[in-house]
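Here's a solo chain for you in structure tokens, the form predicted alone.
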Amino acid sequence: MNLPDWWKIDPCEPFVLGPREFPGRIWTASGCFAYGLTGHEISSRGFTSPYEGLGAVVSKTVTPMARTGNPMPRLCELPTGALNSIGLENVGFDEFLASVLPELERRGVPTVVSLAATRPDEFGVMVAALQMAGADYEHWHGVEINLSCPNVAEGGHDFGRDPETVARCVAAARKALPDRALLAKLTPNVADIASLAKAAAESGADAVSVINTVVGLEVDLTSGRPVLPRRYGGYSGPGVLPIALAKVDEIVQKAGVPVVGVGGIGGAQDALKFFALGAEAVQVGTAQMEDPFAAARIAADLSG
């Protein structure tokens, strides 16, 4: 593709974020490429694997205890994206430490571990155990604390709407994480996202990931009821791109906090828009579920 004259970055070159050097600026978003253990055996024209050129795989979010997730159906496809109500289904923190994290390291997957909890102190406990288990790991680069999942009952909608709560969660995690990057994933479902970003940065976050999904609802006209059993879900995909860009711009302009942009990225041109606004890196989400090579293609396209 023809790249704009202002674009001077090779997204596949290492860059520094907080205390850590990442291998690149094109990442996959949490929940959209599982834990980073699948797809290693497949290839596509021009790519030896879906991991080619990636700077990080943000893992499926891990919680203190294993979760079975929300009732089916959990996914509703829409013309400009999708609504999901997965409910953070995952193997649980202990099993992740015992089997998933060591296998990610063995396979050389550049990893950011996504963690969710219902109380600030739980983040500290999990991060401390993660730091101990992965102290010698080369490919584990950081933690993203998920403060904004809109489809989990505990903690209510958007656990991280309050700057004070965000600060407490980040501080608890930072205390236990001396040498890896710490990111806070923020909700877009607020009027003032810059205040959340400031609270995160002032409490020790190296960057914020923006945005998580937007709360949405779809109706089944046959029954006259919401499609998802829990009524609301997280809306993602191309339709949220303008919202994500606006939130990233608000943070960059008002808070001056490093941002990893996420939301609605389907190709290289979408990613460029985030970089134009000052994002340090980007995460590819819904597009990655449709095409496991989506992020790899974006990295290749932006490398010129």
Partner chain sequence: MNRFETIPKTRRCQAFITINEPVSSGLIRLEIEVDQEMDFLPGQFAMLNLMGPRKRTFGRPFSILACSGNRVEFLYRVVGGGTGDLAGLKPGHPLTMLGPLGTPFPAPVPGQPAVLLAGGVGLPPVLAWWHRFSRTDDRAFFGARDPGDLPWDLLPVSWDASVDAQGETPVGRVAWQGLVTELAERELTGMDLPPSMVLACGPIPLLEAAGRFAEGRGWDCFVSMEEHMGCGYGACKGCVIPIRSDGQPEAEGRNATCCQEGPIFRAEEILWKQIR
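Worth saying up front: this structure is predicted, and the values here are computed from it rather than measured. Numbering follows the first chain given and starts at 1.
If you look for the form predicted in complex with its partner chain, you will not find it shown, but the lines that follow are about it.
Screening 120-128, 81-89, 194-202, 180-188 for residues having heavy atoms within 4.5 Å of its partner chain in the model of the complex returns a single hit, 81-89. For residue 269, no non-hydrogen atom is located within 4.5 Å of its partner chain in the model of the complex, even though that partner is not displayed. In the model of the complex, at least one heavy atom of residue 293 sits within 4.5 Å of a heavy atom of its partner chain. For the chain shown alone, residue 77 is a contact residue for its partner chain in the model of the complex, at least one non-hydrogen atom being within 4.5 angstroms. Although the partner is absent from this view, residue 31 contacts its partner chain in the model of the complex, with a non-hydrogen atom inside 4.5 angstroms. For the three marked residues, 43, 60 and 297, a heavy atom of each sits within 4.5 Å of its partner chain in the model of the complex.
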